[in-house]
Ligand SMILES: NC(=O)c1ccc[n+]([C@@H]2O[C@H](COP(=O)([O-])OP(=O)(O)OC[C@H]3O[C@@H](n4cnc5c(N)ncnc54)[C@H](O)[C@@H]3O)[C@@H](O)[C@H]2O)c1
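Quick setup: one chain, the form predicted alone, written in structure tokens, and binding and motion questions come after.
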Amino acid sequence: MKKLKFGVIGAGSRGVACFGEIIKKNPEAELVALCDPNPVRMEEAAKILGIPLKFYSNVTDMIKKEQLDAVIITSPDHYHEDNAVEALSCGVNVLIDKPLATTVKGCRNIIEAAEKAGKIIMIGFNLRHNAVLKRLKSIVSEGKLGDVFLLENREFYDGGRTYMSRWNRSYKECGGLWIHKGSHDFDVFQWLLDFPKPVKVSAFAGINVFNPEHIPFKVEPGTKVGPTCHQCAYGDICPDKYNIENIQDSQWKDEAVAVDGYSKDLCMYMSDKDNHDNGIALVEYENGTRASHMECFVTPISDRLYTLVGTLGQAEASLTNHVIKVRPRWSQEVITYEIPEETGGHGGADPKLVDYFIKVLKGELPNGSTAEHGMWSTAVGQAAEIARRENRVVEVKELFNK
């Protein structure tokens, strides 16, 4: 059987440790090339993967010279639109790690390019393949909760040392964390509810902790903090040190930083940033359902906690504990589902996402994560960013009139 030939755009952690490793192990596919503007980063990525790869700095060159079947886009979010349009214009199928783009306009441009090319574009909404959420989806679809009218998600992510230390901290790089991070959760809401259109969004967010005023140790006169964790004079005493193992043998080595100036372990307290370290977004849908999404990066735990309330009952789910509890209305009964833990990134969801994409490419399954789904998820995230920054309720239709 001929293997599908893949190229990955973006030689960072998602491109290499996630998708690169998964493709490398998949018997139906092979990774043949990387595309990234930083040659040092690509060289280190190839060493990590331990397979021969061709390196490219241009998407079109990679696709045409390698005659690829598909590309996986894992570049920083604000490059997604250009990368996807270029790849589709070259006539290849695309799996694009969420979000689809950082604006509704960008999403619509990608959708237009896909329709013109007649190629598949699938969104990397890996949480749909998480075993806990798949079971929760079944519970909703089977009507055990009745008509769901209220949803809540609380995401606690011990991720300050990642999100505030790398490019995600910058609004211009990712369109804001309501898009980069929240697009996962806004899509889960819509997927659980069978895709009602979002109508109104409000949001509140800010930087309460990851600023110079909250450095968690005493700063000595004349000894500066940072600029990166591996260079910082306080590395031995900082409880929030971002410790990248063997950093000088990784894509984040000083030699790679010298090429483009990008460091992955900037001090999360001293780094310049304009994205939030905590916030709450509220969404109302056309069918009257309402949802609340909270995300907090100042926390000692990592979990996504979902609550769904319907006319016949309530469900609570923990992705970290692999548990769902259903409480039927008018009853003291609690039905507990303990979901077996699966192997692989994001609770086993990442390899299942790639398997699904390959089946879509082979015509064995329909595309379940469409560009339109990606657009609506981005629309909620973009509306939340506007709501937060302009201190108002945003009607989602505004974004489609620009």
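Note that residue numbering begins at 1 and tracks the sequence as displayed. What you see is a predicted model; the values in this text were computed from it and never measured.
This protein has a second form, the form predicted together with this ligand, left out of what is shown; the following refers to that one.
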Taking 4.5 angstroms as the cut-off for heavy atoms, does G310 touch this ligand in the model of the complex?
-> no
Classify G159 as contacting or not contacting this ligand in the model of the complex by the rule of any non-hydrogen atom within 4.5 angstroms, answering yes or no.
-> no
Decide whether N38 counts as a contact residue for this ligand in the model of the complex under a heavy atom distance cut-off of 4.5 Å.
-> yes
G124 within 4.5 Å of this ligand in the model of the complex, heavy atoms | yes
TL;DR on 227-235, 191-199, 166-174, 324-332: the one with heavy atoms within 4.5 Å of this ligand in the model of the complex is 166-174
Taking 4.5 Å between heavy atoms as the contact cutoff, choose which of T289, N93, T103, N83 touches this ligand in the model of the complex.
-> N83
Have a look at N130, S75, N153, N275 for me and say which one sits with a heavy atom within 4.5 Å of this ligand in the model of the complex.
-> S75
Within 88-106, the residues having any heavy atom within 4.5 Å of this ligand in the model of the complex are D97, K98, P99
